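Next up: a single chain in structure tokens, the form predicted alone.
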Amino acid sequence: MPQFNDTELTAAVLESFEETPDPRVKFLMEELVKSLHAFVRKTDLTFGEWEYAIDFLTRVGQKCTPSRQEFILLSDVLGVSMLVDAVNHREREGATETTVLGPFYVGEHKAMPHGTDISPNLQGEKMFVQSRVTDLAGKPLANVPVDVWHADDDGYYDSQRPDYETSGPSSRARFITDEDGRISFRTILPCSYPIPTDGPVGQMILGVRRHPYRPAHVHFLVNAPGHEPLVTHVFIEGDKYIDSDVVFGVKEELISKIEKRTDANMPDGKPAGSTPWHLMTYNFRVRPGVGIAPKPMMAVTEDA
């Protein structure tokens, strides 16, 4: 009979997985147990601390809704999301860098004509975004769905708004590249914003004296047939949080210099209006391959 003490217990638990039919599942379970047990031994974890951890994870789960994923947020702020991304994208071969999907890829990404204003009813400085999708050799890729989404001038995504069900999607759309691989749209200049701090993850961040802010950015999901899906952000150069993103998602290549313009017309030839506007230009290079692009979560209000 094994002695279930702190030296023999781990071996007994590992042995319990011997009949696992899937080798990958067996490997993952074994490595998870070894890491968890090593953490308990290294820290001399107390009953009170373990009970607090269980309660914390319970509260994280209870905070999740169809439009809010607190576990993704937890993964993000602990750097796990970016680490998973990094180990799955070690070889870029000249392709655009990836970063985290984030917890706000939700709701409807409706296909819209190029040049559409995706933030027509929002306050903020106007911005024109122009992008191009190519393969690694620079060949333009046509008919590629490109999903875009970003926060508003107050730092909120549309799905965070209490009136989302009635107002519908905002600063969120899908564009299809033309024969030259290009898309363009109008929107507002996003700002840096805090992750939600009204839940257990936010409380943890504030409790350890970390700031909760993300630098301003626009999300892109490029899903070219015959190529690996590209999940990335384009960050705005000069943002005060560019070097301290709470979810560790910034990469130098993804920082874009946004031009402030006073031209009477935007690049699509249509009037810009009477105030200065901003121009974001960023081109995406995708690798050949296969993969499954993420699907948006259903977006509803938290009261629904």
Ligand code: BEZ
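For every residue, the number given is its place in the sequence shown, counted from 1. Keep in mind the model is a prediction, meaning the values are calculated, not measured.
Not on display, but discussed next: the form predicted in complex with benzoic acid (BEZ).
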- Query: Taking benzoic acid (BEZ) in the predicted complex as the reference, which of Val100, Val129, Val201, Ile118 has a non-hydrogen atom within 4.5 Å?
  - Reply: Val100
- Message: Is Val247 near benzoic acid (BEZ)? Define near as a heavy atom within 4.5 Å, in the predicted complex.
- Response: yes
- Query: Does at least one non-hydrogen atom of Leu73 fall within 4.5 angstroms of benzoic acid (BEZ) in the predicted complex?
  - Reply: yes
- Message: At 4.5 Å between heavy atoms, is Phe175 in contact with benzoic acid (BEZ) in the predicted complex?
- Response: no
- Using the partner position in the predicted complex, report whether Ala95 sits within 4.5 Å of benzoic acid (BEZ), counting heavy atoms only. no
- Spot the stretch among 119-127, 189-197, 175-183, 203-211 with residues whose non-hydrogen atoms come within 4.5 Å of benzoic acid (BEZ) in the predicted complex. 189-197
- Query: Even though the chain is shown alone, can you say which residues of 210-227 have a heavy atom within 4.5 Å of benzoic acid (BEZ) in the predicted complex?
  - Reply: Arg214, His217, His219
